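Next comes just one chain, in structure tokens: the form predicted alone.
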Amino acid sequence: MTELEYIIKQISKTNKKNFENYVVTRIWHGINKTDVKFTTQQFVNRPNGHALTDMFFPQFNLHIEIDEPFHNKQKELDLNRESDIIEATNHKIERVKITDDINFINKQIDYIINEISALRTKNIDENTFEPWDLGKEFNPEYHREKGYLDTKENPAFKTISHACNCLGQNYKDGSQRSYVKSKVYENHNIWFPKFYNNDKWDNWISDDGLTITEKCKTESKQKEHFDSLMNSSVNRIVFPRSKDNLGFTLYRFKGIFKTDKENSSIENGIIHRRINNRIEIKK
């Protein structure tokens, strides 16, 4: 996928929402910088369910919400939703209120464009701006050259092989192994869990990303699996399988986890706690 195709796909998700389409396209064209990344319909976990924000700029942790007229009837719901998003992400939210006055709408949009431009300039001056490059975003060699993975930057890979090879495994494309012993990091395994209920496993991660619960559903293997982990001191480098907001499967780094043996049980599941949100990539 080229950067142009990516941008068109993001904008196309607003095609049937006239006001949203107007605001999103005007903001994007107003910024006029192809090194700035945006997404539309950005998924955000909430304590009960999830939210989809209308536009998101990950380089600046900034969400844009577009308040069409029907929002006047659900102000309390919107405030609760916004509070949940801020608490879950520590990101900022800007709102664009839709009225019949196009000049008023454009004034709000111009304010957001200026805010993003100022943030970009500030980050460049402070040498903290990471230009968007779609070719590098999922490239193992880019992350190896960078020297680390950090959950704060939300790194992801398109395949299990790419994630493994970023950490020195040297696998061929097509590997579907969900659990592998690291060749580079002593006493660590690389884990690719699915956080949804299936025939063999019922695994989930807490909303804050700090705790993973792992439950084996095959009764004949439950005790054996539990005992093996209780007798192991191996930590897990975790890349859960997920989908991005365009529907593509990704394996996103969630940190290094250690088994909490004291609070684990066969009945309630094996608990893994995050002990590090960053891993240094060994050359």
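Please read all numbers here as calculations on a predicted model, not as lab measurements. Numbers for residues come from their place in the sequence shown, where the first is 1. The term rigid core refers to the most C-alpha atoms you can superpose between the two forms while keeping them within 1.5 Å.
This protein has a second form, the form predicted together with another copy of the chain, left out of what is shown; the following refers to that one.
- Checked against another copy of the chain in the model of the complex, the residues I105, L134, I93, L210 give one hit for a heavy atom within 4.5 Å, which is I105.
- Using a 4.5 angstroms limit between non-hydrogen atoms, I11 touches another copy of the chain in the model of the complex.
- For H225, no non-hydrogen atom is located within 4.5 Å of another copy of the chain in the model of the complex, even though that partner is not displayed.
- When contacts are judged by a 4.5 Å heavy atom cut-off, I281 does not count as touching another copy of the chain in the model of the complex.
- Remark: T99 counts among the residues lining another copy of the chain in the model of the complex, judged by a heavy atom distance of 4.5 Å or less.
- Heavy atoms within 4.5 Å of another copy of the chain in the model of the complex map, among the stretches 29-37, 212-220, 251-259, 231-239, onto 29-37 alone.
- The Cα position of N268 differs by less than 2 Å between the shown form and the other one after fitting on the rigid core.
- After superposition on the rigid core, the Cα of K9 moves by less than 2 Å between the shown form and the other one.
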